[in-house]
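In structure tokens, one chain follows: the form predicted alone.
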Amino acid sequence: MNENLNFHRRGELADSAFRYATVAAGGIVLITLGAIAITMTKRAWPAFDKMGLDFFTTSRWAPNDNVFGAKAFIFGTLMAAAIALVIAVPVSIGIALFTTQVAPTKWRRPIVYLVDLLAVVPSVVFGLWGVLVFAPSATGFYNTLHDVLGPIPGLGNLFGEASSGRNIFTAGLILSVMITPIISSLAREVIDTCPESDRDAAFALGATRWEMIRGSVLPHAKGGLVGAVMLGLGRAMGETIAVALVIGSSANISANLFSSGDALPAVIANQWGEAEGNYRAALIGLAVTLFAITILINVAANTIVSRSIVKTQGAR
């Protein structure tokens, strides 16, 4: 009796220790994020104090005149990341579905290794390939797209004339290659968690393979897929060297995807060495802005997924 009681008490102590350890781990993460936000905001405050809201709403970036407007860089960051997601997400989910649901077993592991190999390539390699190989040869292709798609109403502004291969679209394309292995790897793991019984039940009801995927696999993996996409988005928005090499380094806002631009991390990397005083504070302000945008996007995505899951469970 005493032995059972002691065993039960030890189990309770172990549960309590585990609970406190997990709470402490979560608290450390929150404290770290808070410390980063406070420290960086404090360092960037001279620029925020001088420019006010104009820091976020104007595009003029003139360090010599002590004028700092981040709007063009925010635009370039969001545009390049959006292009990367539009290209990478369908490809990544397609790869994940193919390797888990369609491909023969003997081919799955080689395909996974091949895709994951892209994740270990340094970003500077992608950037150098983009600026030395892809960008010079892409100008003609971009102008061909302009000739074909330009006359179509609504697409003429998006696919304008390209003066150079170093532009926002090229940056987004390079980023899509870089984030594809990340999204596909996480999506594959999430899709594999779908119970085999759910798939067998769909087939037993006469569903085709696509109907099984659409009705059983994707709803089950929805939250995890959004998480994978958000992680890829974070990588795309925070990438520095590759984007700095191919985006064109121009404080420009244009609907034309083939126009040059710039991104928040690329500006920080290119200009940090020569920055002092308010100039350096403004660059730190760009980092704070990127940090805030990433958090807002993740919170919004998690909110949407949570509501979607609640609606799906309610419908069942």
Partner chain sequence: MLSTKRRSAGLLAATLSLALFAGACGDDGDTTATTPAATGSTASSSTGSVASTTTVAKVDVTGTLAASGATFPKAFYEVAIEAFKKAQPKAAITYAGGGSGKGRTDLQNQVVDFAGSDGLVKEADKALYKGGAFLYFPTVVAPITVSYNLDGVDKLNLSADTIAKIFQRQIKTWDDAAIVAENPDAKAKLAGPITVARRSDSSGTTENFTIFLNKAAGPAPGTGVWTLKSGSTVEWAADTQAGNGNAGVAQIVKDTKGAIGYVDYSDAKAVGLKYASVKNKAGKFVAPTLDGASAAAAGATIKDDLSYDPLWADGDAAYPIAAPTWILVYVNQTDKVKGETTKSFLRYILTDGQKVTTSVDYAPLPKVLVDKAIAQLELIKIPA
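As the structure is a computational prediction, the values presented were derived from the model and not from experiment. Residue numbers count along the first chain shown, from 1.
Below, we turn to the form predicted in complex with its partner chain, even though it does not appear here.
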To verify the annotation, which of these, R235, R166, H220, H146, has a non-hydrogen atom within 4.5 Å of its partner chain in the model of the complex? R166
Looking at 287-295, 22-30, 270-278, 49-57, which one sits within 4.5 Å of its partner chain in the model of the complex if you count heavy atoms only? 270-278
W61, heavy atom within 4.5 angstroms of its partner chain in the model of the complex: yes
Spell out, yes or no, whether the shortest heavy atom distance between G69 and its partner chain in the model of the complex is within 4.5 Å. no
With the cut-off set at 4.5 Å between non-hydrogen atoms, does L245 touch its partner chain in the model of the complex? yes
Any chance S250 has a heavy atom within 4.5 Å of its partner chain in the model of the complex? yes
